[in-house]
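Below you'll find only one chain, the form predicted alone, shown as structure tokens.
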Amino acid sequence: MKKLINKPEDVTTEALRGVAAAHSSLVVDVDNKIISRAGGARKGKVGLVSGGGSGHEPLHGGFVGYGMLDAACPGEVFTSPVPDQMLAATKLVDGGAGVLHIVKNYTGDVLNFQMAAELAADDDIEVTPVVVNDDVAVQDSLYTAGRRGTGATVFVEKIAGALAEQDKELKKVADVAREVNERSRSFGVALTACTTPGSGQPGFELPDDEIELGVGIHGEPGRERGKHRTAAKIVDFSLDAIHSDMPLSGDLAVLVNGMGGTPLIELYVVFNEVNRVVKGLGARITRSLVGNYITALDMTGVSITVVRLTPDLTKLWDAPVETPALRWGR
């Protein structure tokens, strides 16, 4: 496989150096692998920290900035960051109002964030974790006990981040983060497998005429493997899984997310089909994102995330944000 890298073992470090060079609004601690806002913690503001394995860019470092995260901890490719990283990031963003940990439901992330929170408590820093588990494809997977955390992470970080900018207390910020997670569902489909820099070969075998329905963001198996089909039929299958778990009604935010290797023109074809299904259910899409927000290296495919909005959540979604990967209103 051809990749734009030097040495596989240096990919994460060299990518972090690139982030530092590209974004003056961020401070990148390359040695400890922490991305944070320039200017440090703001007194009286709840700090937001997230993190996870690299290979999912722009998640999470691309969402550090005004209106979203205060810091992110990237691990090695598809590998959870370690507790020391998370503890250092937690201390870095603590402005005296406590820190919210936004954790995707993968076993390593959950355990390591939990350990970091316990260590932070020893330093009198109040930490509240919120676990994102929006993927309806499978109940348990290679990496999780319970549902996987995927596309809802972007909505949780954005909406909770907007509330934190208003200097609301930690409990309120955590409550809205949980509300967003509870009102979100996701489903992913892979057309091809992804290839990690160190392996040089696809992470799983997928015949040219087959697709993985319900794939995870690390290439975990989904609900079933079947023959390739039209975009309309893929969307029908995906939204049927979502609608069966959380009936779609009212105003919706929809993320049609590329896995890293899907052309944007195809993602808009998918969004058009999502809009068709949503209208047929009597609901409407009032907020949307189309593009690469949570990737799986070079995987070709798509994930669909739907959030049932309320007026308050819509206002928080619309609030100004300025990060490398998401920005409006400033």
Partner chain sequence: MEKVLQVDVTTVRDWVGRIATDLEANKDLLTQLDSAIGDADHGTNMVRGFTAVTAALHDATPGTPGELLVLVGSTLISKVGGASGPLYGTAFRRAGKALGAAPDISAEALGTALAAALEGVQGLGAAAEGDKTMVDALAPAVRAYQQAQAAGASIADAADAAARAAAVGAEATIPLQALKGRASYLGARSVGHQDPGATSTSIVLAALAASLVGSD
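Small disclaimer: the values here were computed from a predicted structure and weren't measured. Residue numbers count along the first chain shown, from 1.
Keep in mind that the form predicted in complex with the partner chain is not shown, yet the notes after this line are about it.
- Interface membership of residue 112, defined by any non-hydrogen atom within 4.5 Å of the partner chain in the model of the complex, is confirmed.
- When contacts are judged by a 4.5 Å heavy atom cut-off, residue 101 does not count as touching the partner chain in the model of the complex.
- At a distance threshold of 4.5 angstroms between non-hydrogen atoms, residue 81 is in contact with the partner chain in the model of the complex.
- Contact annotation for residue 146: at least one heavy atom lies within 4.5 Å of the partner chain in the model of the complex.
- Note that among 254-262, 113-121, 182-190, 159-167, the stretch whose heavy atoms approach the partner chain to within 4.5 Å in the model of the complex is 113-121.
- Annotation: in the model of the complex, residues 107, 218 and 221 each come within 4.5 Å of the partner chain through at least one heavy atom.
- Only one of 178, 243, 225, 91 comes within 4.5 Å of the partner chain in the model of the complex through a heavy atom, and that residue is 225.
- Between the options 231, 138, 248, 174, the residue in contact with the partner chain in the model of the complex by a heavy atom within 4.5 angstroms is 138.
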